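There is one chain below, alone, in structure tokens, taken in the form predicted on its own.
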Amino acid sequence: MTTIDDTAFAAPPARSRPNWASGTNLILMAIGAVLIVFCIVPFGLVIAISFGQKIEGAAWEWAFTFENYQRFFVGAEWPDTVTFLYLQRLGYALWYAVIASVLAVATALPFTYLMTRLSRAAQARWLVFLLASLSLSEVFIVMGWDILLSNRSGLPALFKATGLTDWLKDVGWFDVLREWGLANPRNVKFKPSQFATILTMSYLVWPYAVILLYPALSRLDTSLIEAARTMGARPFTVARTVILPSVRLPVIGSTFLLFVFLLGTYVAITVFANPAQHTTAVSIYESVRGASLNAPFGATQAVILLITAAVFLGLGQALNRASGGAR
């Protein structure tokens, strides 16, 4: 009887495999370190500086005082005198951002819907055009709108040259424009005004609104629209009962995202808004780089603006969850 060596049935030696898990951990640790250095640390420094103290006639020093927050909410001379100047600037920042974001989404929604009904090639061309427009800086865009709305070379000059200003006076609409701050005794004017400010801000984020709404509208079930039209529903009824409920969550999310983006708008505010209606972003720059050189108070306003944005983002997520649960 032949003896069989037990080693013939022994398991082959295990091959050495690269330790992918350790490599992945190293990559994650590197990304985490980058986020800490470039995101968390700057935020922490801004929060720490917000508790600093301004030295009259000099720079500032590290401290732990709530005087800067008191100045923001009730003024520096509280309780002797109370002023809400910086709360008003925060209110204007919220007002501009809300109206401009809603206007951008409201106008981008029908455009995006019509764009998704085009051929794939036409959709691709539009998307390339919109993505290319995002490369334009805010300064360049505001400069273009500044020329367009200029009292000497823009639309007001065109209104006067074509006789449209005289027609507005004859029909009585010119007085209405003066009440809205869009005309002077001689001609219409668009700057400074809330109209020009909101219009420019909405234009800044309009391409973002289209890109954010495009995925949801491109996946829209057209059979539901066709069924509603077959049953005799008018286009407005179809949009209200079929299209809007289907894209409710993307519309809400896009509006809140654009709102947070617009809270920090600076160039459009300084060019088109009345100085008495400037926002917190302008006030931050004036505190940090202006004549006062009060970095702690500028950091305080930045922290409050950041908290405001976080609150509204949380509100948007809550609305999304409530809308999703109600479906």
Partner chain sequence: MSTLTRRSLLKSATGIAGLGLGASVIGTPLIAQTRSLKIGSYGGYFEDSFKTHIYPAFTEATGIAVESVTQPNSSDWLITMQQATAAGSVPADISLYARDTMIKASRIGGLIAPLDLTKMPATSNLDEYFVFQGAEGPLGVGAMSWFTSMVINPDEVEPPASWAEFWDTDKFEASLGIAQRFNAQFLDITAATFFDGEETFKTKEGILAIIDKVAELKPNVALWWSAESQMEQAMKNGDVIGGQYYLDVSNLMAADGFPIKPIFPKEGNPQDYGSWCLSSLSEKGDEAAEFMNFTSDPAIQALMSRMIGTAPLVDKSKTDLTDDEFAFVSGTPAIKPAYEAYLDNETFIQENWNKMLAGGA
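Rigid core (definition): largest C-alpha set, two forms, superposition within 1.5 Å. Bear in mind that the values here come from a model prediction, so they are computed numbers and not experimental data. Positions refer to the first chain, counted from 1.
Quick note: we don't show the form predicted together with its partner chain, though the next part is all about it.
Residues 59, 76 and 86 are all found to lie within 4.5 Å of its partner chain in the predicted bound form, as judged by heavy atom distances. Note on contacts: among 163, 185, 172, 232, the single residue with a heavy atom within 4.5 Å of its partner chain in the predicted bound form is 185. Stretch-level contact check against its partner chain in the predicted bound form with heavy atoms at 4.5 Å: of 93 to 101, 242 to 250, 163 to 171, 187 to 195, the positive one is 187 to 195. Residue contact with its partner chain in the predicted bound form: residue 69 places no heavy atom within 4.5 Å of it. Not displayed here, its partner chain is kept clear of residue 63 by more than 4.5 Å at the level of heavy atoms in the predicted bound form. Using a 4.5 Å cutoff between non-hydrogen atoms, residue 53 does not count as a contact of its partner chain in the predicted bound form. Counting a residue when any of its non-hydrogen atoms is within 4.5 Å of its partner chain in the predicted bound form, there are no hits in 94 to 115. Taking 2 Å as the criterion, residue 219 does not count as shifted between this form and the one not shown: its C-alpha moves by less than this amount when the rigid core is aligned.
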